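Only one chain is included here, represented as structure tokens and corresponding to the form predicted alone.
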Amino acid sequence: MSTITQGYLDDPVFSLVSRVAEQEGVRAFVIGGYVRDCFLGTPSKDIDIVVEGSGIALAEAVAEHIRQVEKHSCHVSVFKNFGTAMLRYHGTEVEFVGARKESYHRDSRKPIVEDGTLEEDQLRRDFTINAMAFSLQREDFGALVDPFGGIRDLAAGIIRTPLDPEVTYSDDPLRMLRAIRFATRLTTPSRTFTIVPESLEAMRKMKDRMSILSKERIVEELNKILLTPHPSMGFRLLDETGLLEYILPDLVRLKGVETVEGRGHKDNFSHTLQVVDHVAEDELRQIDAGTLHNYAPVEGSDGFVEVQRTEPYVWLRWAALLHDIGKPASKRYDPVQGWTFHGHNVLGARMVPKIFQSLKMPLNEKMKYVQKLVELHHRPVSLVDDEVTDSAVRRLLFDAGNEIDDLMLLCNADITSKNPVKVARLKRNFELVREKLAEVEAKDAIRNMKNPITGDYVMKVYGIPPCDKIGVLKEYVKNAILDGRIGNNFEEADRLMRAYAPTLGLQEVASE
């Protein structure tokens, strides 16, 4: 049995738990993700302690020691339904749980839990690489307890279940998604993690068990896959195992190439996954460079505060995943043009709320953000193909608002082709659009533009009640600003309003 302590168990919380566990007469072990990440050389704050006894009792004893001996306050959060407790020690969160064994009913993923030994607890874990433990006993502090070969599988880049995979996935089908998530997350340019064939085959057989999972738990795993550096790997595995058809059937419908008269279109499923990867890569690069921002509304005003983005934004990844979701419904063959997908962005935007609702995702500003990017994702590309006019750029800025930076990131990622010359040309033209956006934004301040002419002002000037003519007048002024016929200021907008209003039969009332 290997003993490893240097660097892995230097955090003082481990020696503290070891001493208190010995005083309480119980055995304690570090288990799970922290152990795995130690061997991967990945920093981890995810510390789980398993106790052969009561995890809650040991947590409370550790907290009491901190209060009595170290003279520091220490609060224990107890979750009796799960038999767990959590405390914070010098900024580190530690979760305690009693070793247990589990059994499941066929129609539920909620286990029947009984007290168990460390090995029984390891046996119920999802994968061998997550079942490894470090001993916290004084006599073998730091010893690796690895009855199922997790260290071997970790070195080989293998995702394997301790039990027969059909048993593991039948007991808790969420583990199928977790297997795919871990394979995707742990894969790096220097090491690929693969799910063993018998486990993939079990997923294909057990996919109907997904029906006992809540949509919220499924989406939680999807989000974690999307936030990896290369999400395409996860979605290809979801498709290969048949799980994607259950979760996102609209995405599966993007698959395949149809050919008529020798003319085919690109496989939109593969293209979508390529775009998602490009978005992930570009977003991480811009985060590292400090050039991406989120915008939060300022309470009590119409303004926004700009906050530098430090973490990937999952809703941008969702927009990339769904950006072409309307293509199957809009696909047509034209003998002259070939395959067309006219209006797929509008159809896709209409589909977004239904997809979010089916997955029980939030139907709030996050959904609207995704919907906006799906609807607008073709606009900057059309500017690449056409002359980049100030008017077109103003309208893009107005419609995109604070989402313009993410929209441009998505659209840049959407430029894909097997022809490198074509890609290079489109990328060069796309940079011209970026430059024009910066120029127009600096000059005209169109982003999140508020119409200088309000409905209340129109009613006051012309002495009229609410009516359709107010909207017509405001739209005329707004379009004049976006077309560049007048500046984005009240004085010019007011003059234009007063010049145009008589054509609508409106006459100014005498001011008091």
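Note that residue numbering begins at 1 and tracks the sequence as displayed. If you're wondering where the values come from, they're calculated on a predicted model, not measured in any experiment.
Beyond what is shown, the protein has a form predicted in complex with cytidine-5'-triphosphate (CTP); the following relates to that form.
**Student:** So, in the predicted complex, is G455 in contact with cytidine-5'-triphosphate (CTP) at a 4.5 angstroms heavy atom limit?
**Tutor:** No, no contact at 4.5 Å.
**Student:** With the partner left out here, check for me: in the predicted complex, does some heavy atom of F182 sit within 4.5 Å of cytidine-5'-triphosphate (CTP)?
**Tutor:** Although cytidine-5'-triphosphate (CTP) is absent here, F182 would touch it in the predicted complex, with heavy atoms inside 4.5 Å.
**Student:** If you check in the predicted complex, is D126 within 4.5 Å of cytidine-5'-triphosphate (CTP), heavy atoms only?
**Tutor:** Yes, D126 sits close enough to cytidine-5'-triphosphate (CTP) in the predicted complex that at least one of its heavy atoms falls within 4.5 Å.
**Student:** Contact between D172 and cytidine-5'-triphosphate (CTP) in the predicted complex at 4.5 Å, heavy atoms?
**Tutor:** Looking in the predicted complex, residue contacts with cytidine-5'-triphosphate (CTP) include D172, since a heavy atom lies within 4.5 Å.
**Student:** Could you check which residue among H293, K368, K205, R178 gets a heavy atom within 4.5 Å of cytidine-5'-triphosphate (CTP) in the predicted complex?
**Tutor:** None of the others qualify; the residue that does is R178.
**Student:** Name the residue from N345, T228, T272, N130 that puts a heavy atom within 4.5 Å of cytidine-5'-triphosphate (CTP) in the predicted complex.
**Tutor:** If I apply the 4.5 Å criterion carefully, the residue I get is N130.
**Student:** Run the contact test on R236, G242 and E245 with a 4.5 Å heavy atom cut-off to cytidine-5'-triphosphate (CTP) in the predicted complex and return yes or no.
**Tutor:** The answer is no; none of R236, G242 and E245 reaches cytidine-5'-triphosphate (CTP).
**Student:** Okay, which stretch from 52 to 60, 475 to 483, 31 to 39, 446 to 454 lines cytidine-5'-triphosphate (CTP) in the predicted complex, with non-hydrogen atoms inside 4.5 Å?
**Tutor:** In short, 31 to 39.
**Student:** Could you list the residues in 43 to 58 that come within 4.5 Å of cytidine-5'-triphosphate (CTP) in the predicted complex, counting only heavy atoms and keeping sequence order?
**Tutor:** Residue within 4.5 Å: D48 only.
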